[in-house]
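Okay, so here's just one chain, in structure tokens, the form predicted alone.
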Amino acid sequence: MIDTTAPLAPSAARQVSAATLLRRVVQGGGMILFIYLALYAYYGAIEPRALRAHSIADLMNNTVPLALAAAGLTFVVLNRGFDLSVAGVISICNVTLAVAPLEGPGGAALSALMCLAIGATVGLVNGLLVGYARLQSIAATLATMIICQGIALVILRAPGGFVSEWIVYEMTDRLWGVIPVSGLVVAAVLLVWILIRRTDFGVSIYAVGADEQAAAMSGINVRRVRAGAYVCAGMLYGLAGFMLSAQTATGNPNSGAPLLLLAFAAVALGGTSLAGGRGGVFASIMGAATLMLLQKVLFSSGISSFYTGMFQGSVLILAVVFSGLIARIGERK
């Protein structure tokens, strides 16, 4: 008779641990971090100015709006939901800052709080519709996105206006000539995410995304968690609109539209599962950074911008397929 209680053979144990470790690396952002570093090494080889402080700060400034949008979207995706309102929130924040510029550091702080409040309000509406009214997330957030885009057009009918000079110059500047201010904003978001991960709310986000029924049976208030995820996402969308305004220095009622699909691409590229329960904010931020770096590499290589979408889509498909294979291998082992 075969002893079913016998421990696994050393080779089998190693296979299990190796598969599990590889899956954790992929979902934690290790794979996309490796891709980013390899891509940046190539970028440095073809562009001599790539390693200069000015070039690094410029790349960081271009990346931050998409990185913040992807970070916010991650909260919703981890809950097995979708959020299309990201474009609308960014647009409203952008045009609001353009038509009502507030100068000085105090004005910048008030503007940032205003963007956070706008995002939180839209997120709360999404959370109530999806979490409590039980509407499909795509339908609910599509409706709020359309409403937000309409509000943005009411505030500013055509591109124009001027963003506060303090925001434009200081939020895209470098501390001591080296550290990009925009990089500090991303670092602060990552720090907040690390703290949230250690709270009951952070654990509940993963639990609800992995198995909603099991989470409810364990005592988790699923509706409250879903609503909270949308509020957190909306606040990060608002911050993305604030940072985008610092770059553009002007308003555009359609400024958030180009970031919508790229935000989903960044989340998927980072390894966060669109089925919920797996992934994280760091991985999504690295996904956004990789997409923006790819644009720089293509431009430096002399490739037409018409092919940028093709390359980004190809990289995304390869990353998603690889992540899926790793997840399946880990489950089988």
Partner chain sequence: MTFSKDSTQDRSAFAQTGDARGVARVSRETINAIAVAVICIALLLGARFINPALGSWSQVETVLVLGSFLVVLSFGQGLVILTGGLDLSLPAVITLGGIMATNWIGMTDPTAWYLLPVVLLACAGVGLVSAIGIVWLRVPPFIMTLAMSIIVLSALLGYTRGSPRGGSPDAATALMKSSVLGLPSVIVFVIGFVIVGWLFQSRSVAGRYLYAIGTNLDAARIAGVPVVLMQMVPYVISAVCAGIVGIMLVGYSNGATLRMGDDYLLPSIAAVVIGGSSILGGRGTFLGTVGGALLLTTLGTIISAIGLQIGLRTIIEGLIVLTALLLLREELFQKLGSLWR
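Residue numbers count along the first chain shown, from 1. Because the structure is a prediction, the values reported are computed rather than measured.
Separately, the form predicted together with its partner chain exists; it is not shown, and the next lines address it.
With respect to its partner chain in the model of the complex, the three residues Leu135, Ala265 and Val321 uniformly fall within 4.5 angstroms at the level of their nearest heavy atom. Note that among 238-246, 176-184, 214-222, 96-104, the stretch whose heavy atoms approach its partner chain to within 4.5 Å in the model of the complex is 214-222.
Its partner chain in the model of the complex comes within 4.5 Å of no heavy atom belonging to Trp166.
Although the partner is absent here, Leu51 sits far enough away that none of its heavy atoms falls within 4.5 Å of its partner chain in the model of the complex.
Remark: Ser301 does not count among the residues lining its partner chain in the model of the complex, judged by a heavy atom distance of 4.5 Å or less. Under a 4.5 angstroms non-hydrogen atom cutoff, its partner chain in the model of the complex has Thr308 among its neighbouring residues.
Between its partner chain and the residues Ala112, Ala120, Ile151, Val189, the one pair within 4.5 Å by heavy atoms in the model of the complex involves Ile151.
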